[in-house]
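Next comes just one chain, in structure tokens: the form predicted on its own.
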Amino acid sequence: MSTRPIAIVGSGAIGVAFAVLFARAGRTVAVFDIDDAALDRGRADVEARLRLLADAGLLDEEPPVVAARIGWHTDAATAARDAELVQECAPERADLKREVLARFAAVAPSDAVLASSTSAIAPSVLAAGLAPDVAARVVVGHPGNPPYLLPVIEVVPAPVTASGTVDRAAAIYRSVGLRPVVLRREIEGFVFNRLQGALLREAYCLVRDGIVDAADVDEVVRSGLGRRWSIIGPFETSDLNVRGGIAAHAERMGESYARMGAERGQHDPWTPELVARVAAERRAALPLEDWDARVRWRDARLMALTPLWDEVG
């Protein structure tokens, strides 16, 4: 693991969460914000989160030891000194994020990765107007929140991002226990929020149409979809729901899902070619002769987690 520090710009919720993540993994962290009051709030938040992790048995060290790895700065040059990665966590405004990236590019080492935590803004928008050598170092590193508990992080390059930047960002995130998913091209909202948004759009429609209320939607996800998705994703869920795998599932359910989509004005049919592509990926990951064993594995994981779910309701 590199010993170079990680610079985090912004001491709000996501900046604090990244500070906890990196410091917990043994990295030196420098947090920047515009004034001491913001840093004081961030420092208190870090201490509270570390105490919760320790109480849950999720820290290998005492909280003060982890917290001591985090420095708090109002000077950008000091925060960025020798940084391997600058993780920008400013408010969700493209102009502000672009200004932050340009400011830190000027004071960080010339090889530092410039990563934005934006939830939806395309990296090409953030890189627009930056010098070519700076734009080549810009990438989105969009985490699940909080990243010290949700290990997925989306790494999204702009068309001008250097391939080496993407590789280095993914390697840095992987070194602290994250599981980077590298998008092949940029798209607004990336994968996390497009999936989340699709579910939220339908949830709002179901409430609007008087089918259920908001609590009912939450119950279906909490006690149904969410339980399965905590151990397997939607493709593997479908793959394991029907003997014969995801191709058999698409044959059985594809028309019904197409009608549901059409009801909302969406026409994105599961074409035979698309189903075949996904099925080929699933069969490469799980040959059909192993299907029964994987179903039993799924059920065993659900059984193991049931007491915890029952405890939290």
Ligand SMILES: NC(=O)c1ccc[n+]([C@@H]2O[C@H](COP(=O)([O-])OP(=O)(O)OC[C@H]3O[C@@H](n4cnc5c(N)ncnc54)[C@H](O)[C@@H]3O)[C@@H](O)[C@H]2O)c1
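Only a predicted model underlies this, so the values are computations on that prediction, with no experimental measurement involved. The numbering used is simple: start at 1 and walk along the sequence shown.
The same protein also has a form predicted in complex with this ligand, omitted here; what follows describes it.
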{"property": "This ligand: the contacting residue among D55, D35, E273, D268 in the predicted bound form [heavy atom, 4.5 Å]", "result": "D35"}
{"property": "Among the candidates T78, Q196, S223, N145, the residue which, in the predicted bound form, approaches this ligand to within 4.5 Å (heavy atoms)", "result": "N145"}
{"property": "is_contact(K97, this ligand) in the predicted bound form, heavy atom dist at most 4.5 Å", "result": "yes"}
{"property": "Touches this ligand in the predicted bound form: S124 (any heavy atom, 4.5 Å)", "result": "no"}
{"property": "Distance check, A13 to this ligand in the predicted bound form, heavy atom within 4.5 Å", "result": "yes"}
{"property": "Contact test in the predicted bound form: V20 vs this ligand, heavy atoms, 4.5 Å", "result": "no"}
{"property": "Candidate stretches 27 to 35, 64 to 72, 252 to 260, 283 to 291, one within 4.5 Å of this ligand in the predicted bound form by heavy atom", "result": "27 to 35"}
{"property": "Residues from 72 to 108 in contact with this ligand (non-hydrogen atom within 4.5 Å) in the predicted bound form", "result": "C89, A90, P91, E92, L96, K97, V100"}
